[in-house]
Every structure is written in C-alpha cells, then in structure tokens.
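Given next, in structure tokens, is a single chain: the form predicted on its own.
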Amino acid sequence: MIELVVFKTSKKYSAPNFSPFCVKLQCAFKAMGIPFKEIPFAGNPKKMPKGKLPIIRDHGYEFCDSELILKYMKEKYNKDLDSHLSAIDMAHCNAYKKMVEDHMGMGLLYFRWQVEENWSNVAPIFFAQIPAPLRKIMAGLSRRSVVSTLYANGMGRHSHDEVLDFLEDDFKALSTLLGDKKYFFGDQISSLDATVFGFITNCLQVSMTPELFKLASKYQNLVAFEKRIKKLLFQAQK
C-alpha cells in the first residue's frame, strides 16, 4: 500500500493537516479511490527528499512534490483527477493552481510566520514535539529561514494590509470561478478542487490566522465548498 507522509497535525483542529499541500494529496487520493496509509511525520522535513512534505513511498521508492506525485499516479496507476476536463478547463485549472500554491500559499506563510501576533500562536503548535530546551531555538531558526524566503519571494517586503489586499483579490477570483457550481468545473472533483480545499480549510479551520479566517468567511460559496468536500471525503470515510 502507498504510504503518504504528512506533517503531524493536532486533532483539536478540523483541518485534515496544517499543510495545504498535504491536504491536497489527502483529498486527491480519497477522491480517486486510492488506498493509502497515512504516516504522520514530526521530525525535520529538511531530511525528506527536496526538504519538504508531503512525500509518498511506493514499491521502495520515495516521491516528493504534490504535482509530481499526481503525475506519477497518472502514469503508474492511470489515476487522474483531471481526465474529465476539456483543454480550456485544463488551462484554467493549471493557472488557478499556480495562483493558489505560489501566491496564496506565500500569503498564508506570511500571516503564519511573519506577523508577530500570529507567530505566538503558531510556534507552540508547530514545534510542540521538540524538547523544551531546544524548542525556542529551533522555532527561532526556522522562522528566520521562512521569513528570509518570504523576503526573497517578494511577499515578505509588503505590509500586513497590502498582503491582505493581494489575498482578497485571489479569494474574489476563486469565488467568481466557482460561482454556484458544486465544484470548480462542474459536478466532478478536479485537482483544482483538491488544491483550493487544502488552502481554504487551513484558513477556516486552523485558528492561527484570524485575518484569513475573516477574509475566507466573506465568500459563502467557498465556505460551502469547504464543508462539502470535508463531508464527502473526510467525514463520511472515517
């Protein structure tokens, strides 16, 4: 059976995982009916291939990066969340996924790691597994690394309100694309749905970033979308 290695996440939150990318694969595998064993990981992700999670283990090999893993599932097992999409829908799917992962994802990191008021909530949760004498040191080093990445990306150079405005535009775009449809491209889940769900559930169900909770809650079709996928894939299958 395929092993899906994800960040260890506190069960006090109803989001399946603190990482939108881990949730993306959890959602995709469930939607495609792929049996998998979930392996919570509480160590240093830099020891993983490419230094990040999620990864999968299959037939003695490890594969990293959510998009490359979905590509592997398509090539190896003929499992494809996007097989029903037209060429134009696939173009929109790819473009919106990049917006969510590369732009909104950086915004999420900004509000979790760079905003001081939120960091005081994030650090005790993300580093709870580290022994007390090292916890503060490791948290500080990790934060410094993430904030440096945010600055190099450009997101970290903006003010709190500017980043919030950027994300407001992204939420509007997603809300407009979804409209009154069940999923982004109709009645069948695509990889865009899995991607957006991973981000939205982390805004709505993880109480680390009140700004993003308030922002996401404004878009009732996105709120209903998050509840719909959670009920279909994460509550009904327990």
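The structure displayed is predicted, hence computed values, not measured ones. For every residue, the number given is its place in the sequence shown, counted from 1.
Note that the form predicted together with a small molecule isn't included here; everything after this is about it.
Visitor: Answer for His59 alone: is it within 4.5 Å of the small molecule in the predicted complex, judged on heavy atom distances?
Guide: It does not: once the small molecule is placed as it appears in the predicted complex, His59 has no heavy atom within 4.5 Å of it.
Visitor: I'd like to know whether Phe7 contacts the small molecule in the predicted complex, with contact meaning heavy atoms within 4.5 angstroms.
Guide: The answer is yes: Phe7 has a heavy atom within 4.5 Å of the small molecule.
Visitor: Would Glu67 sit within 4.5 Å of the small molecule in the predicted complex, counting heavy atoms only?
Guide: Looking in the predicted complex, residue contacts with the small molecule include Glu67, since a heavy atom lies within 4.5 Å.
Visitor: Is there a heavy atom of Met32 lying 4.5 Å or less from a heavy atom of the small molecule in the predicted complex?
Guide: Contact with the small molecule, no.
Visitor: For the chain seen here without its partner, which of 165 to 173, 180 to 188, 42 to 50, 208 to 216 has a heavy atom within 4.5 Å of the small molecule in the predicted complex?
Guide: Of the options, only 42 to 50 has residues within 4.5 Å of the partner.
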